[in-house]
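First, one chain by itself: the form predicted alone, in structure tokens.
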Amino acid sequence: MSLVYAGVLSHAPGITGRADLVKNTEKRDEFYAALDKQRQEIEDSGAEALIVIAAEHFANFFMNNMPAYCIGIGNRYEGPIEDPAWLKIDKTDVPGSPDLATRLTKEVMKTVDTAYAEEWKFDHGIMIPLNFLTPRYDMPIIPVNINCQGPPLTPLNRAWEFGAALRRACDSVPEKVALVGTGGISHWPATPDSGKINEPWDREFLDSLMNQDKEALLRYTDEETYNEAGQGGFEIRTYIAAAAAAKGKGELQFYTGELPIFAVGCTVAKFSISG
């Protein structure tokens, strides 16, 4: 099999942009150490490319053109689209893998309709993970977007099927591919509730995710998620897709709701590759 690593991690602008404002520096550094361990595990897997399943934040797609899914097949990408001084990540070019990405896209299309893009400006949803997982920007990246912003949102069972299609696509190519899903769990970005985190909800979701409890994962409704986890909670789609791709159970390597300045439940986890 060609999928050699699968995991999930949180993204939020504060993770890099407000690092110097953290009061609980011990917990912050523990989070950063878990992200560095994830970087090392990806490197140790021998991965030749990294798929990043993210939630795009109206940087490239808006309500006049909002694909349910999109895969990047470009040669290079730019990021971050945000102010580098705000995000504290310098603007850079990120290498793509157009031939591999095109082959993966063609395979995914056999069961799931997806858009594709040769041009893509990365926002914090991708640049935060890359800042920690490929800090030298020397690994080819295949960006993947699931619409988690503009209703109507793709149903959770379709996000699962999309992840399964990505797994089938990875197994159809000779290259070794790593995959991460990145998003928030509970968070209320750009609202008066920014900084609020529903830790019990997060932990219940993560327990189902780590145990590959498909029935429980697909039982969430958007109404429940919005009420309990904020509009940022819609990004559970990226986690669900990653779990579907991995097939094996997960290991929660880090979680905390004790970094409200980051305005997200901070998570790092990996899955075993099964089937």
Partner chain sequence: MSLYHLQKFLYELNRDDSVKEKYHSDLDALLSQFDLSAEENNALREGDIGLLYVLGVNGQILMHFAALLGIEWFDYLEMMREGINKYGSVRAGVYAMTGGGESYTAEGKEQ
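Just so it is clear, the structure is predicted and the values come from calculations on it, not from any experiment. Positions refer to the first chain, counted from 1.
The form predicted together with the partner chain exists for this protein as well; it is not shown, and the discussion that follows is about that form.
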- Task: State yes or no: in the model of the complex, is some non-hydrogen atom of Tyr69 no more than 4.5 angstroms from a non-hydrogen atom of the partner chain?
- Result: no
- Query: Given that the partner is absent here, does Cys148 sit within 4.5 Å of the partner chain in the model of the complex, heavy atoms only?
  - Reply: yes
- Going by a heavy atom distance of 4.5 Å, is His124 a contact of the partner chain in the model of the complex? yes
- Query: Does the partner chain come within 4.5 Å of any heavy atom of Tyr226 in the model of the complex?
  - Reply: yes
- Message: Check for me whether the partner chain, as it appears in the model of the complex, comes within 4.5 angstroms of all of Arg168, Val173 and Gly248 - heavy atoms only.
- Response: no
- Can you pick the one in Pro155, Pro95, Pro189, Pro98 that has a heavy atom within 4.5 Å of the partner chain in the model of the complex? Pro189
- Spot the stretch among 174-182, 105-113, 76-84, 138-146 with residues whose non-hydrogen atoms come within 4.5 Å of the partner chain in the model of the complex. 76-84
- When the partner chain is considered in the model of the complex, the residues of 48-76 having a heavy atom within 4.5 Å of it are His57, Phe58, Ala59, Asn60, Phe61, Phe62, Met63, Asn64
